[in-house]
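This document contains two forms of one protein chain, each encoded as structure tokens and listed individually as structure 1 and structure 2.
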Structure 1
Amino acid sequence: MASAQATAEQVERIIAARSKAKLVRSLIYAVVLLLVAWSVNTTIIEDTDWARMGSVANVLESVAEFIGIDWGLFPHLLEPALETIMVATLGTLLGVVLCVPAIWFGALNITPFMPITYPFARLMMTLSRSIHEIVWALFFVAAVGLGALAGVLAIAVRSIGFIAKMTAEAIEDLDPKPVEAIRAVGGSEFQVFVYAILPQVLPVMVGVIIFEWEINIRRSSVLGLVGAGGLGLVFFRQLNTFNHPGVTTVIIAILILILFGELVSYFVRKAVI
């Protein structure tokens, strides 16, 4: 039968095509696997002090040391927790203030002098985002000394990039009609900004700020590691005194704090937007 013949051929062709696709895919997988194996070898197998680590039982023993909660520590965590929240909040707000020029210069449709101001804003955003908060904190500790101020500054500077980027994008996408309307009634550039641009951009900006604030709680919880106050400092102290259940306790406190942050941001979001 002719059609059966054709079908048999077709089956062969399809099976061949499928196994060829599979071969190509397996080759890619093999290359990736080799790369991973090489990296595992250099980063894990060769770079680990296996003797110090000891047997699996030793490792489990050290993990077991962390199990448990140091209830006595909780009262001493309230102040650092409050500090952490405060640093995150002040840092976020300062970040918003510092953002303004980056937003103004960084939105293509309102940047005052494109060849200079635009790249400048992009540079600000990039620097802010690409340097880790720990590094920023180290820098500000060097500049203003140990303490919460360094933390606030680090958080602020680290926040600029994201807030400015999202807001600038919102400005680039905004509806031009209200702008024309305000211009048409004779509004000044400033009035255009306040009455036509701000109302459109504010909801986006508020959302972004709340989002960033949540992240900043997580960040400010560790800045104490480099001397900028908050829960990180307590964490460090527990670790250095080998109070391992205390370490766990601090981590739980951080979790609670972040959960609290998520709750607050949920309600603020609902109230504002």
Structure 2
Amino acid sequence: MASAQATAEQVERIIAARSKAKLVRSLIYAVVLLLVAWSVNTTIIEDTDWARMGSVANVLESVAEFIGIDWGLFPHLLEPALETIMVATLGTLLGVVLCVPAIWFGALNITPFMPITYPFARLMMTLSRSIHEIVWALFFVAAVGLGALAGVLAIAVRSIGFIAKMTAEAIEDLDPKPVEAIRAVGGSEFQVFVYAILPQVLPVMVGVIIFEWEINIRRSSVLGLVGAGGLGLVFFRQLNTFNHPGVTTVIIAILILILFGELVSYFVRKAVI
């Protein structure tokens, strides 16, 4: 009898706990929906100049101006497209070189002096990732002038955070047994890195670099908007001259370039990793 009563009490507690959890979930969903509705009302409904936008016919008329392709612009897109790829490639390579100290300092199990080097490297990674590539490009355009060099430097600095963070975390998660084995037989720190750490993290690092290069093609495509060369500069000129079919043409060229980057990265990743 006592056992049956204890079982019934346990069932009641389980039912009560489930009812309470269901109530909490319902309250969370309601709060999220209210926040979404408030965000839509604040950022879209109240902040949009509906009178300036005009009627649906006016909106469609504005969109129709971008329908069409400026075929005469295509021959002039080859050089900017190559420049975009070179900016992405050189920026990624420079970022790989620059992120080596950040990887060394930012991996907790190999950092030389943890109280100083580790937080410093993590701060640099966060700073690199937090600032948009357009902002970096504006900074370097002011520093070195207009042109592809500013784009290369912006891409390089922007790439440091992602490559260094992913590689450093891979080093922190590696198998410590090969490291301990090489140290036990008197291996130097350089030998430990080359023969115990690098073989374990190299596939991850190569995959991250290829992925970052693919992203950098997209980034370098728009850096020309702030004077860093490439297709973005052509886009900016077409937009300023109100050549709307030309704008569409540049967008198509950027899309083709990004698809090319994805195709190349797929085959390279398949061959290397």
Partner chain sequence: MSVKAATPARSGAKSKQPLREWKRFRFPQSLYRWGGVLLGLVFLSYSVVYLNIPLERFFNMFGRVGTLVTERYYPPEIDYITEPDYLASVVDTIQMSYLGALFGMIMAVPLGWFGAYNMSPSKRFVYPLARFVAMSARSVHETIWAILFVTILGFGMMAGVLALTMFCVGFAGKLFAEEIEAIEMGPVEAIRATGANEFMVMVYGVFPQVRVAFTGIGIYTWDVAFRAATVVGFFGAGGMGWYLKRNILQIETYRVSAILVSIVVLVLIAEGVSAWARARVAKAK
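Take the two forms, find the largest set of C-alpha atoms that superpose within 1.5 Å, and that set is the rigid core. Residue numbering: sequential along structure 1, first residue numbered 1. Model, not experiment: these values are computed from the prediction.
One of the two isolated chains is the form predicted together with the partner chain, namely structure 1.
A movement of the C-alpha atom of G186 reaching 2 angstroms or beyond is seen between the two structures when the two forms are aligned on their rigid core. When the rigid core is held fixed, the Cα atom of V36 travels 2 angstroms or more between the two structures.
Annotation for L263: C-alpha shift under 2 angstroms between the two structures, rigid core superposed. Look at K20: with the core superposed, its C-alpha moves 9.6 Å between the two structures.
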